[in-house]
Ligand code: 3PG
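Coming up is one lone chain in structure tokens, specifically the form predicted alone.
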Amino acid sequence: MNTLDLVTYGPVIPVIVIHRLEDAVPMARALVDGGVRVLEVTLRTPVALQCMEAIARAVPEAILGAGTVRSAADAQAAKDAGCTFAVSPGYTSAIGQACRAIGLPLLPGTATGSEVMQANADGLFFLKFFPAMQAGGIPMLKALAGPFTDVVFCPTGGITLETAPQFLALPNVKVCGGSWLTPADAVAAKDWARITALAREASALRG
């Protein structure tokens, strides 16, 4: 798989933080039921890898990725857990090489021109722009479009249902990352119907 293939499944990739293993499968099912198949589960909690394994087994129609991949060990653990792609918060050649070595497609995080160039030097042209709002948002993406005509982005960080269409309208934005699809209060209440509704809204977004 090429990470750019991910954009064909819809305009938003949910960025998911799971604190309880029991929530993993029903949350994934709720998102898929709402039309969101690409799921980024972050390695930010002690149960993250177990959650990935559970989703990979129980929700095979989900296209499962690991977020917050920061090392070769993270990448290997993500692949072993059943993930088919990785997302990193930043980029180094070491993480790029590690993912290539095990055949795990990487969507690397970038926020500056130098980081974009480093990723390009390693053959990566579909990049995460993170943290999107804090790193300059839409004006920064417009600025990057000038020198980097062959680069496309997945802005992530601080984007909402209301602002996502403005990002998606940019020619160099193919998809957005968003944490709003799995709000903490809905997860705590096990309100999976609400998450399905949010996924449907996100699936319908266009620039």
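None of these values were measured; they are calculated from a predicted model. Position 1 is the first residue in the sequence shown; the rest follow in order.
Keep in mind the form predicted in complex with this ligand is missing from the figure; the text below concerns it.
Novice: Quick one: find which of 158-166, 51-59, 135-143, 26-34 has residues within 4.5 Å of this ligand in the model of the complex by heavy atom distance.
Specialist: Careful reading of the contacts points to 158-166.
Novice: Would you classify Phe130 as touching this ligand in the model of the complex, given a 4.5 Å non-hydrogen atom cut-off?
Specialist: Contact with this ligand, yes.
Novice: Does any heavy atom of Arg44 come within 4.5 Å of a heavy atom of this ligand in the model of the complex?
Specialist: Residue-level check for Arg44: yes, a contact with this ligand.
Novice: Can you check whether Asn172 is within 4.5 Å of this ligand in the model of the complex, heavy atom basis?
Specialist: Flag for Asn172 set to no.
Novice: Even though this ligand is not shown here, does Gly65 get within 4.5 Å of it in the model of the complex, heavy atoms only?
Specialist: Taking the distances in the model of the complex, the answer for Gly65 is no, it never comes within 4.5 Å of this ligand.
Novice: Which listed residue (Leu198, Ile18, Val15, Val12) meets the criterion of a heavy atom within 4.5 Å of this ligand in the model of the complex?
Specialist: Of the listed residues, the single hit is Val15.
Novice: Can you name the residues of 168-198 that have a non-hydrogen atom within 4.5 angstroms of this ligand in the model of the complex?
Specialist: Contacts from 168-198: Gly178, Ser179.
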